[in-house]
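Okay, so we've got a single protein chain in two different forms coming up as C-alpha coordinates, structure 1 first and structure 2 after it.
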Structure 1
Amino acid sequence: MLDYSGQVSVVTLTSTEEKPAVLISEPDTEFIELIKRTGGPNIQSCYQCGTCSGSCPAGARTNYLVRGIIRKALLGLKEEVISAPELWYCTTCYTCTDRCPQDVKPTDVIKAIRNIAVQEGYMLPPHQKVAQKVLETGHAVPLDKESWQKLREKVGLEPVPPNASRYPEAIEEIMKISKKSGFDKLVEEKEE
(Lines of atoms letter the chains of each structure in order from A and count residues from 1; the text may use other names and numbers.)
(Lines give C-alpha, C1' and ligand atoms only; values in the text may rest on other atoms or scores of the structure.)
Protein backbone atom coordinates (compact mmCIF):
# COMPACT_ATOMS: atom_id res chain seq x y z
CA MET A 1 0.00 0.00 0.00
CA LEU A 2 1.30 3.51 -0.81
CA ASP A 3 1.12 6.21 1.80
CA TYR A 4 0.76 9.93 1.00
CA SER A 5 4.53 10.45 0.82
CA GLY A 6 4.90 7.92 -2.01
CA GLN A 7 6.66 5.37 0.20
CA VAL A 8 5.53 1.78 0.29
CA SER A 9 4.02 0.86 3.64
CA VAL A 10 4.16 -2.82 4.54
CA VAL A 11 3.01 -4.53 7.70
CA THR A 12 5.37 -7.40 8.47
CA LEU A 13 5.80 -9.40 11.62
CA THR A 14 8.74 -11.40 12.92
CA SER A 15 6.86 -12.23 16.08
CA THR A 16 3.30 -12.50 17.32
CA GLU A 17 3.53 -9.02 18.85
CA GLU A 18 1.71 -6.28 16.95
CA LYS A 19 4.14 -3.88 15.39
CA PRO A 20 3.72 -0.70 13.37
CA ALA A 21 3.88 -0.69 9.58
CA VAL A 22 7.36 -0.53 8.09
CA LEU A 23 8.07 2.18 5.55
CA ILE A 24 10.30 1.04 2.71
CA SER A 25 11.80 3.71 0.53
CA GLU A 26 14.71 1.69 -0.85
CA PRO A 27 14.65 -2.04 -0.14
CA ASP A 28 18.09 -3.65 0.16
CA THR A 29 17.93 -6.10 -2.77
CA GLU A 30 21.55 -7.09 -2.19
CA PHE A 31 20.46 -8.61 1.14
CA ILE A 32 18.47 -11.32 -0.66
CA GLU A 33 21.48 -12.14 -2.84
CA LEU A 34 23.71 -12.25 0.25
CA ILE A 35 21.34 -14.70 1.94
CA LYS A 36 21.37 -16.88 -1.17
CA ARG A 37 25.18 -16.89 -1.29
CA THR A 38 25.49 -17.51 2.47
CA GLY A 39 23.36 -20.66 2.53
CA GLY A 40 19.72 -19.86 1.76
CA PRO A 41 19.60 -20.23 -2.04
CA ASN A 42 15.88 -21.02 -2.18
CA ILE A 43 14.58 -18.03 -0.20
CA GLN A 44 12.84 -16.52 -3.21
CA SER A 45 10.73 -19.66 -3.63
CA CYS A 46 8.80 -18.70 -0.48
CA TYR A 47 5.21 -17.71 -1.18
CA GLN A 48 4.34 -17.09 2.48
CA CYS A 49 2.03 -20.07 3.01
CA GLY A 50 2.82 -20.13 6.73
CA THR A 51 3.61 -23.85 6.97
CA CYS A 52 6.96 -23.05 8.58
CA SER A 53 5.49 -20.88 11.31
CA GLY A 54 2.52 -23.19 11.82
CA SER A 55 4.73 -26.21 12.43
CA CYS A 56 7.51 -24.52 14.44
CA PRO A 57 7.90 -25.87 17.99
CA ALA A 58 9.77 -22.72 19.05
CA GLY A 59 6.99 -20.58 17.61
CA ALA A 60 4.43 -22.51 19.64
CA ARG A 61 6.18 -21.45 22.85
CA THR A 62 7.57 -18.02 21.95
CA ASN A 63 6.76 -15.06 19.76
CA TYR A 64 8.91 -16.45 16.92
CA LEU A 65 7.54 -16.50 13.35
CA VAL A 66 9.84 -18.05 10.73
CA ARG A 67 7.58 -16.71 8.01
CA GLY A 68 7.90 -13.14 9.32
CA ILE A 69 11.68 -13.23 9.23
CA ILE A 70 11.69 -14.62 5.70
CA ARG A 71 9.11 -12.02 4.61
CA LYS A 72 11.20 -9.14 5.96
CA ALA A 73 14.29 -10.60 4.30
CA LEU A 74 12.43 -10.81 0.97
CA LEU A 75 11.48 -7.16 1.38
CA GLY A 76 15.17 -6.32 1.82
CA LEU A 77 14.80 -5.15 5.42
CA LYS A 78 18.30 -6.25 6.35
CA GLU A 79 18.80 -4.19 9.50
CA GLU A 80 15.43 -5.20 10.96
CA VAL A 81 16.04 -8.87 10.22
CA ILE A 82 19.61 -9.19 11.48
CA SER A 83 18.91 -7.20 14.64
CA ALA A 84 15.72 -9.09 15.60
CA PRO A 85 16.21 -11.13 18.79
CA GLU A 86 13.67 -13.62 17.39
CA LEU A 87 16.24 -14.64 14.77
CA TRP A 88 17.98 -16.61 17.52
CA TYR A 89 14.86 -18.45 18.75
CA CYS A 90 15.15 -21.13 16.07
CA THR A 91 16.36 -24.44 17.52
CA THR A 92 17.30 -25.81 14.08
CA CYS A 93 14.99 -28.82 14.48
CA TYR A 94 14.30 -28.73 10.69
CA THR A 95 10.54 -29.28 11.12
CA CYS A 96 9.85 -26.28 8.88
CA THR A 97 12.31 -27.54 6.28
CA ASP A 98 10.73 -31.00 6.29
CA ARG A 99 7.28 -29.52 5.72
CA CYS A 100 7.97 -26.63 3.35
CA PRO A 101 6.03 -27.21 0.10
CA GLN A 102 8.39 -24.96 -1.88
CA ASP A 103 11.70 -26.47 -0.70
CA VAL A 104 12.74 -23.07 0.68
CA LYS A 105 14.69 -24.82 3.44
CA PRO A 106 13.71 -22.22 6.07
CA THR A 107 16.20 -23.56 8.62
CA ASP A 108 19.05 -22.99 6.18
CA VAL A 109 17.72 -19.49 5.45
CA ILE A 110 17.63 -18.70 9.18
CA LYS A 111 21.17 -20.05 9.64
CA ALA A 112 22.37 -17.97 6.67
CA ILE A 113 20.78 -14.85 8.12
CA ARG A 114 22.35 -15.61 11.51
CA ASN A 115 25.76 -15.86 9.85
CA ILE A 116 25.18 -12.47 8.24
CA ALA A 117 24.01 -11.07 11.58
CA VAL A 118 27.17 -12.25 13.34
CA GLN A 119 29.33 -10.75 10.57
CA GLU A 120 27.49 -7.46 11.15
CA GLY A 121 28.02 -7.63 14.93
CA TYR A 122 24.62 -8.98 16.05
CA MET A 123 24.55 -11.95 18.38
CA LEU A 124 22.56 -12.54 21.54
CA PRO A 125 24.78 -12.53 24.65
CA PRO A 126 24.02 -16.18 25.58
CA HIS A 127 25.08 -17.35 22.09
CA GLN A 128 28.19 -15.21 22.32
CA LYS A 129 29.09 -16.81 25.66
CA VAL A 130 28.59 -20.32 24.23
CA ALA A 131 30.87 -19.46 21.28
CA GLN A 132 33.48 -18.11 23.69
CA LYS A 133 33.33 -21.35 25.71
CA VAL A 134 33.89 -23.39 22.55
CA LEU A 135 36.96 -21.31 21.79
CA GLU A 136 38.29 -21.63 25.33
CA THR A 137 37.57 -25.29 26.01
CA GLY A 138 36.60 -26.87 22.70
CA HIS A 139 33.13 -27.62 24.01
CA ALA A 140 29.97 -25.54 24.37
CA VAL A 141 29.24 -26.85 27.86
CA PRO A 142 32.54 -27.59 29.57
CA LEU A 143 32.36 -29.96 32.48
CA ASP A 144 33.69 -29.16 35.93
CA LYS A 145 36.63 -31.52 35.72
CA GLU A 146 36.85 -32.93 39.23
CA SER A 147 33.21 -33.52 40.08
CA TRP A 148 32.27 -34.77 36.60
CA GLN A 149 35.35 -36.95 36.28
CA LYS A 150 34.55 -38.66 39.58
CA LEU A 151 30.90 -39.14 38.62
CA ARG A 152 31.83 -40.50 35.19
CA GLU A 153 34.34 -42.93 36.71
CA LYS A 154 31.79 -44.01 39.32
CA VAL A 155 29.37 -45.11 36.58
CA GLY A 156 32.08 -46.84 34.55
CA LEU A 157 32.82 -44.15 31.99
CA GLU A 158 36.15 -42.66 31.04
CA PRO A 159 36.87 -39.57 33.17
CA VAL A 160 36.74 -37.16 30.21
CA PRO A 161 34.14 -37.53 27.44
CA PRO A 162 35.34 -38.13 23.86
CA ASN A 163 35.04 -34.51 22.75
CA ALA A 164 37.60 -31.75 22.31
CA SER A 165 37.99 -31.57 26.11
CA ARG A 166 39.92 -34.82 25.94
CA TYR A 167 42.25 -33.61 23.20
CA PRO A 168 44.22 -30.41 23.89
CA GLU A 169 45.48 -30.48 20.29
CA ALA A 170 41.85 -30.24 19.12
CA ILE A 171 41.34 -27.12 21.22
CA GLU A 172 44.50 -25.66 19.65
CA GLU A 173 43.09 -26.44 16.19
CA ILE A 174 39.78 -24.79 17.08
CA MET A 175 41.69 -21.69 18.19
CA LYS A 176 43.76 -21.63 14.98
CA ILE A 177 40.66 -21.94 12.79
CA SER A 178 38.91 -19.29 14.85
CA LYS A 179 41.79 -16.84 14.50
CA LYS A 180 42.29 -17.54 10.80
CA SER A 181 38.58 -17.08 10.04
CA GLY A 182 38.19 -14.07 12.34
CA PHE A 183 35.50 -15.82 14.37
CA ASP A 184 37.37 -15.08 17.61
CA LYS A 185 36.97 -11.34 16.93
CA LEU A 186 33.26 -11.72 16.11
CA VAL A 187 32.45 -13.32 19.45
CA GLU A 188 34.74 -11.40 21.77
CA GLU A 189 33.01 -9.26 24.36
CA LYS A 190 32.61 -5.72 23.17
CA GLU A 191 33.35 -2.90 25.60
CA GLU A 192 30.48 -0.45 25.83
Structure 2
Amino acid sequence: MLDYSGQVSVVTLTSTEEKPAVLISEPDTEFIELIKRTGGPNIQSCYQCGTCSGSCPAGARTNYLVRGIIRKALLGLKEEVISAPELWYCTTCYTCTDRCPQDVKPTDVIKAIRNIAVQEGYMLPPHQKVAQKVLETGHAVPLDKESWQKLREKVGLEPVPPNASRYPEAIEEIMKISKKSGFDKLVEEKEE
Protein backbone atom coordinates (compact mmCIF):
# COMPACT_ATOMS: atom_id res chain seq x y z
CA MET A 1 0.00 0.00 0.00
CA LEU A 2 1.07 3.58 -0.56
CA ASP A 3 2.90 5.55 2.07
CA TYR A 4 3.85 9.23 2.09
CA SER A 5 7.29 8.35 3.51
CA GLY A 6 8.09 6.35 0.39
CA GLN A 7 7.97 3.08 2.34
CA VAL A 8 5.69 0.33 1.11
CA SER A 9 3.59 -1.33 3.78
CA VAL A 10 1.27 -4.28 3.28
CA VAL A 11 -1.24 -3.47 6.01
CA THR A 12 -4.80 -2.43 5.11
CA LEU A 13 -6.67 -2.66 8.35
CA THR A 14 -10.10 -1.13 8.76
CA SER A 15 -11.73 -2.71 11.81
CA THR A 16 -11.74 -0.75 15.09
CA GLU A 17 -10.02 -3.67 16.78
CA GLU A 18 -6.92 -2.92 14.79
CA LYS A 19 -7.22 0.82 14.38
CA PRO A 20 -9.14 3.07 16.75
CA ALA A 21 -12.25 4.86 15.46
CA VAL A 22 -11.90 8.52 14.52
CA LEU A 23 -13.52 10.89 16.97
CA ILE A 24 -15.89 13.22 15.16
CA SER A 25 -15.85 16.04 17.66
CA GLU A 26 -14.17 19.05 16.12
CA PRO A 27 -15.14 19.22 12.47
CA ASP A 28 -13.15 21.58 10.26
CA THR A 29 -16.03 23.19 8.38
CA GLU A 30 -13.62 25.46 6.52
CA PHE A 31 -12.36 22.30 4.77
CA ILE A 32 -15.59 21.97 2.78
CA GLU A 33 -15.34 25.58 1.60
CA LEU A 34 -11.69 25.00 0.67
CA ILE A 35 -12.59 21.94 -1.43
CA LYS A 36 -15.35 23.92 -3.17
CA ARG A 37 -12.93 26.72 -4.00
CA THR A 38 -10.16 24.36 -5.12
CA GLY A 39 -12.15 22.59 -7.85
CA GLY A 40 -14.88 20.49 -6.21
CA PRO A 41 -17.82 22.97 -6.02
CA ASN A 42 -20.55 20.29 -5.98
CA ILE A 43 -19.33 18.22 -3.02
CA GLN A 44 -22.30 19.15 -0.82
CA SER A 45 -24.78 17.64 -3.29
CA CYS A 46 -23.62 14.15 -2.26
CA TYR A 47 -26.35 12.01 -0.67
CA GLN A 48 -24.09 8.98 -0.18
CA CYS A 49 -25.70 6.56 -2.64
CA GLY A 50 -22.35 4.89 -3.30
CA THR A 51 -22.67 4.78 -7.10
CA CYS A 52 -19.12 6.20 -7.28
CA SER A 53 -17.50 3.46 -5.25
CA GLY A 54 -19.64 0.81 -6.93
CA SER A 55 -18.29 1.98 -10.31
CA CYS A 56 -14.68 2.46 -9.23
CA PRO A 57 -12.03 0.16 -10.71
CA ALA A 58 -9.47 1.43 -8.19
CA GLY A 59 -11.81 0.75 -5.28
CA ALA A 60 -12.28 -2.80 -6.55
CA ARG A 61 -8.66 -3.64 -5.74
CA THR A 62 -7.43 -1.16 -3.12
CA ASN A 63 -8.60 0.54 0.07
CA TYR A 64 -9.54 3.65 -1.95
CA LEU A 65 -13.19 4.47 -1.25
CA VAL A 66 -14.56 7.57 -2.97
CA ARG A 67 -17.81 7.62 -1.04
CA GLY A 68 -15.95 7.33 2.27
CA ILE A 69 -13.54 10.12 1.41
CA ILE A 70 -16.40 12.44 0.43
CA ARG A 71 -18.34 11.62 3.61
CA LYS A 72 -15.25 12.22 5.75
CA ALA A 73 -14.65 15.53 3.99
CA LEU A 74 -18.27 16.56 4.62
CA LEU A 75 -17.79 15.71 8.30
CA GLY A 76 -14.83 18.08 8.33
CA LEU A 77 -12.19 15.40 8.93
CA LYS A 78 -9.53 17.30 7.01
CA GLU A 79 -6.39 15.69 8.40
CA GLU A 80 -7.89 12.20 8.14
CA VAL A 81 -8.72 12.80 4.47
CA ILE A 82 -5.55 14.49 3.22
CA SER A 83 -3.11 12.27 5.11
CA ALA A 84 -4.55 9.01 3.73
CA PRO A 85 -2.25 7.90 0.91
CA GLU A 86 -4.99 5.85 -0.79
CA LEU A 87 -6.23 9.20 -2.06
CA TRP A 88 -3.64 8.60 -4.81
CA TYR A 89 -5.21 5.37 -6.15
CA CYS A 90 -7.78 7.22 -8.28
CA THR A 91 -6.77 6.88 -11.95
CA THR A 92 -9.12 9.78 -12.83
CA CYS A 93 -11.08 7.54 -15.22
CA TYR A 94 -14.22 9.65 -14.56
CA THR A 95 -16.56 6.64 -14.49
CA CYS A 96 -17.97 7.86 -11.16
CA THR A 97 -18.40 11.35 -12.59
CA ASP A 98 -20.34 9.98 -15.57
CA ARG A 99 -22.63 7.95 -13.29
CA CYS A 100 -23.11 10.20 -10.24
CA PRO A 101 -26.88 10.97 -9.95
CA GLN A 102 -26.15 14.17 -8.01
CA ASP A 103 -23.55 15.72 -10.35
CA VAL A 104 -21.04 15.78 -7.47
CA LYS A 105 -18.24 15.24 -10.01
CA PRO A 106 -16.38 13.00 -7.56
CA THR A 107 -13.22 12.93 -9.73
CA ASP A 108 -12.94 16.71 -9.51
CA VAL A 109 -13.56 16.55 -5.74
CA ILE A 110 -10.75 14.00 -5.36
CA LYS A 111 -8.42 16.15 -7.47
CA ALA A 112 -9.29 19.18 -5.33
CA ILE A 113 -8.55 17.20 -2.15
CA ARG A 114 -5.24 16.07 -3.67
CA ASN A 115 -4.40 19.73 -4.38
CA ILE A 116 -5.05 20.54 -0.71
CA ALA A 117 -2.98 17.53 0.43
CA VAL A 118 -0.03 18.69 -1.70
CA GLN A 119 -0.43 22.23 -0.38
CA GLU A 120 -0.19 20.82 3.17
CA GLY A 121 2.93 18.82 2.34
CA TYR A 122 1.42 15.42 1.58
CA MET A 123 3.05 14.39 -1.67
CA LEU A 124 4.34 10.93 -2.58
CA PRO A 125 8.08 10.90 -3.38
CA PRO A 126 7.66 9.48 -6.94
CA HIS A 127 5.14 12.24 -7.71
CA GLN A 128 7.58 14.86 -6.52
CA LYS A 129 10.14 13.44 -8.98
CA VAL A 130 7.73 13.62 -11.92
CA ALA A 131 6.86 17.23 -11.10
CA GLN A 132 10.54 18.10 -10.93
CA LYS A 133 11.14 16.46 -14.33
CA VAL A 134 8.57 18.75 -15.91
CA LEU A 135 10.26 21.80 -14.40
CA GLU A 136 13.72 20.62 -15.46
CA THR A 137 13.00 19.26 -18.95
CA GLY A 138 9.55 20.54 -19.90
CA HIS A 139 8.28 16.97 -20.03
CA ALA A 140 7.00 14.40 -17.52
CA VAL A 141 8.52 11.70 -19.71
CA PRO A 142 11.68 13.34 -21.07
CA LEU A 143 13.97 12.48 -23.97
CA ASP A 144 16.58 11.64 -21.36
CA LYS A 145 18.73 9.03 -23.11
CA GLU A 146 20.54 8.87 -26.41
CA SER A 147 18.78 5.56 -27.07
CA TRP A 148 15.42 7.38 -27.27
CA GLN A 149 16.89 9.67 -29.95
CA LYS A 150 18.14 6.60 -31.81
CA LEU A 151 14.67 5.07 -31.56
CA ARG A 152 13.26 8.18 -33.25
CA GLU A 153 15.82 7.97 -36.04
CA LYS A 154 15.00 4.30 -36.53
CA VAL A 155 11.39 5.18 -37.34
CA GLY A 156 12.47 7.89 -39.78
CA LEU A 157 12.11 10.96 -37.53
CA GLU A 158 14.53 13.70 -36.56
CA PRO A 159 16.38 12.69 -33.35
CA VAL A 160 14.97 15.55 -31.28
CA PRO A 161 11.29 16.50 -31.71
CA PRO A 162 10.18 20.15 -32.04
CA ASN A 163 8.87 20.32 -28.46
CA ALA A 164 10.53 21.54 -25.25
CA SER A 165 13.26 18.91 -25.79
CA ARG A 166 14.53 21.11 -28.65
CA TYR A 167 13.67 24.55 -27.30
CA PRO A 168 15.29 25.37 -23.92
CA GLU A 169 13.41 28.69 -23.81
CA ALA A 170 10.23 26.64 -23.35
CA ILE A 171 11.69 25.13 -20.16
CA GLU A 172 12.62 28.61 -18.93
CA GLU A 173 9.04 29.75 -19.47
CA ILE A 174 7.67 26.82 -17.47
CA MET A 175 10.12 27.58 -14.68
CA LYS A 176 8.94 31.20 -14.63
CA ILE A 177 5.28 30.11 -14.42
CA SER A 178 6.12 27.74 -11.54
CA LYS A 179 8.03 30.42 -9.66
CA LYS A 180 5.13 32.83 -10.03
CA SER A 181 2.57 30.28 -8.85
CA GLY A 182 4.80 28.95 -6.07
CA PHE A 183 4.72 25.47 -7.56
CA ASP A 184 8.52 25.21 -7.62
CA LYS A 185 8.60 25.49 -3.81
CA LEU A 186 5.75 23.01 -3.46
CA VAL A 187 7.62 20.23 -5.21
CA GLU A 188 11.06 20.97 -3.81
CA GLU A 189 12.66 18.08 -2.04
CA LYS A 190 11.87 18.46 1.63
CA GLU A 191 14.72 18.26 4.13
CA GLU A 192 14.21 15.30 6.44
Partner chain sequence: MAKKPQFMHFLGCIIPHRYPSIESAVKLVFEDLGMELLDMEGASCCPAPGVFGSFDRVTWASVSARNLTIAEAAGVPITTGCNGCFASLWDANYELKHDKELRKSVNENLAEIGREFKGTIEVTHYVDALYSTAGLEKIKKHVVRPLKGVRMALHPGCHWMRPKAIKKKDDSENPHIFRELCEVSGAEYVPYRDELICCGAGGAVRTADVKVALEFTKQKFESILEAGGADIIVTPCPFCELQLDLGQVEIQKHFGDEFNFDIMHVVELLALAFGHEPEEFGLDTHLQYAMRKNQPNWERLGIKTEG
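All values reported here derive from a predicted model rather than from experimental measurement. Under this definition, the rigid core comprises the largest set of C-alpha atoms superposing within 1.5 Å between the forms. For residue numbers, the reference is structure 1: its sequence is counted from 1.
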Form selected (criterion: the form predicted together with its partner chain): 2
Rigid core superposition, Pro161 Cα moves 2 angstroms or more between structures 1 and 2: yes
Did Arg37 shift 2 Å or more between structures 1 and 2, C-alpha, core superposed: no
Exceeds or equals 2 Å, Cα of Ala131 between structures 1 and 2, core fit: no
Per-residue CA shift, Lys145 (Å; core superposed between structures 1 and 2): 3.5
